[in-house]
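Okay, here we've got a single chain as structure tokens, the form predicted alone, with questions on binding and movement later.
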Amino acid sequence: MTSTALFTDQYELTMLSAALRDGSAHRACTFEVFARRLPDGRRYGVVAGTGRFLDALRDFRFGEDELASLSFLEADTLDWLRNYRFGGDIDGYREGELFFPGSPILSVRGTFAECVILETLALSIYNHDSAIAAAATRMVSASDGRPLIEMGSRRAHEEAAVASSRVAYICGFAATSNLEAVRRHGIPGAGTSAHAFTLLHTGVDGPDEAAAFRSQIAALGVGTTLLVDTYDITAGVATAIEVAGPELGGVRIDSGDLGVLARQVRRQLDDLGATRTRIVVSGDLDEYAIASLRAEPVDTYGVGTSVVTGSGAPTAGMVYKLVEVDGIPVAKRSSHKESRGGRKRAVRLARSTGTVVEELVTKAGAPLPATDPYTVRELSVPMVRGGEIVHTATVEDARTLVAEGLRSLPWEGLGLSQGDPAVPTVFS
């Protein structure tokens, strides 16, 4: 087992030490994860990282190697950490659920000591994965049903790349180029060749693009996708069909004015009889570029940097705040960083058509106000009880939930323009 216990910040353990010393460590507390606001330009958020967080919680143990690095702590605190096991309860929104400002995405309950040291673990996973999810879902919406391939591993930390691939698939991407994500999470893999392979086939007489294409087809079959923009796209397409024949699976364009080139290449392919050869485009695509290509004859998008960096919003802005102590609501009042005290319950109201109209947040245990004529759906589910993980969900479950959530949004909520959250959060 690889411990996740040091994926934390020092102040969590110094707070623990002080609380153990004065006895407050054992007070019953509730912490909640929420976002005060959505990143600029976002109309909704997507919860992602739940599965990774629960896996990390299972491995949150302080072994001797971890304890040896905590020389700033006194012996009593080290002994407490040596025996640490989270023994509380956690409820939360399922992975793939949409969220809005103030949504109580995660509720962590237990003693102050056992909850406070989970802050950075929870936030580092949820903030990263939910940021990727927001970008990925916007791209999926912009693609209007055409498949997307995630290929951003070279623009991210190696472990962030795997997490990003997982999230992109959950949000509707068709495949990933990252083989570790394929291995860990069962995501479909995709990939053929880069410009280096075409350039490799250069001799004393100059480039031999046809030789590169023949080699790739010999290895991968005629259904492969050939990269045609290394030299001249028109010549590259002609060579590709000359070598592969009209049954070639696809051609990829990675540079230039993609809309103009896609139209040009489609006409050329059709004239050559390759009417079923797909066009794949890539090269610094984001949701806006994808939307601009919606009317063009593009079959598949390859997206890299923008998806793995959150397309301009690399964090979801979530916080982890103490909201209740021994049943007493507590709240932060700092300007622009306010929190709402008390443990909460969240439901989502929808019309009979399934379109969501409101997220209603009330005090936990309080009866709901009248909600007619809307249907009501509870948002939080039990995830941990008495320290034992009770919630299991697959990436396919989360993928289904994202798709259902997008269908439930008011149509204006799917736009890429600036605006208010697609659904208001009402506190009662």
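One rule holds for the numbers: they count along the sequence shown, beginning at 1. These numbers were taken from a predicted model, which means no experiment stands behind them.
Same protein, other form: the form predicted in complex with another copy of the chain, not shown, and the subject of what follows.
Item to check | Option from 111 to 119, 98 to 106, 82 to 90, 292 to 300 whose residues, in the predicted bound form, bring a heavy atom within 4.5 Å of another copy of the chain | outcome: Flagged stretch: 111 to 119.
Item to check | in the predicted bound form, residue 70 touching another copy of the chain (heavy atom, 4.5 Å) | outcome: Looking in the predicted bound form, residue contacts with another copy of the chain include residue 70, since a heavy atom lies within 4.5 Å.
Checklist entry - For residue 344, is any heavy atom within 4.5 Å of another copy of the chain in the predicted bound form, or not? => result Residue-level check for residue 344: no, no contact with another copy of the chain.
Checklist entry - Do residue 402 and another copy of the chain come within 4.5 Å of each other in the predicted bound form, heavy atoms counted? => result Looking in the predicted bound form, residue contacts with another copy of the chain do not include residue 402, since no heavy atom lies within 4.5 Å.
Checklist entry - Hey, in the predicted bound form, does residue 264 get a heavy atom within 4.5 angstroms of another copy of the chain? => result Result no; residue 264 lies far from another copy of the chain in the predicted bound form.
Item to check | Output flag, 7, 125 and 328 jointly within 4.5 Å of another copy of the chain in the predicted bound form, heavy atom basis | outcome: So, yes: the whole triplet contacts another copy of the chain.
Next on the checklist: Which residue, 239, 268, 141, 153, is the contact with another copy of the chain in the predicted bound form, using a 4.5 Å heavy atom cutoff?
Outcome noted: The residue in contact is 153.
Item to check | Listed residue (340, 94, 185, 252) with a non-hydrogen atom within 4.5 angstroms of another copy of the chain in the predicted bound form | outcome: The residue from 340, 94, 185, 252 that makes the contact is 252.
Checklist entry - Going by another copy of the chain in the predicted bound form, which residues of 130 to 167 come within 4.5 Å of it through any heavy atom? => result Residues within 4.5 Å: 153, 154, 155, 156, 157, 158, 159, 160, 162, 163.
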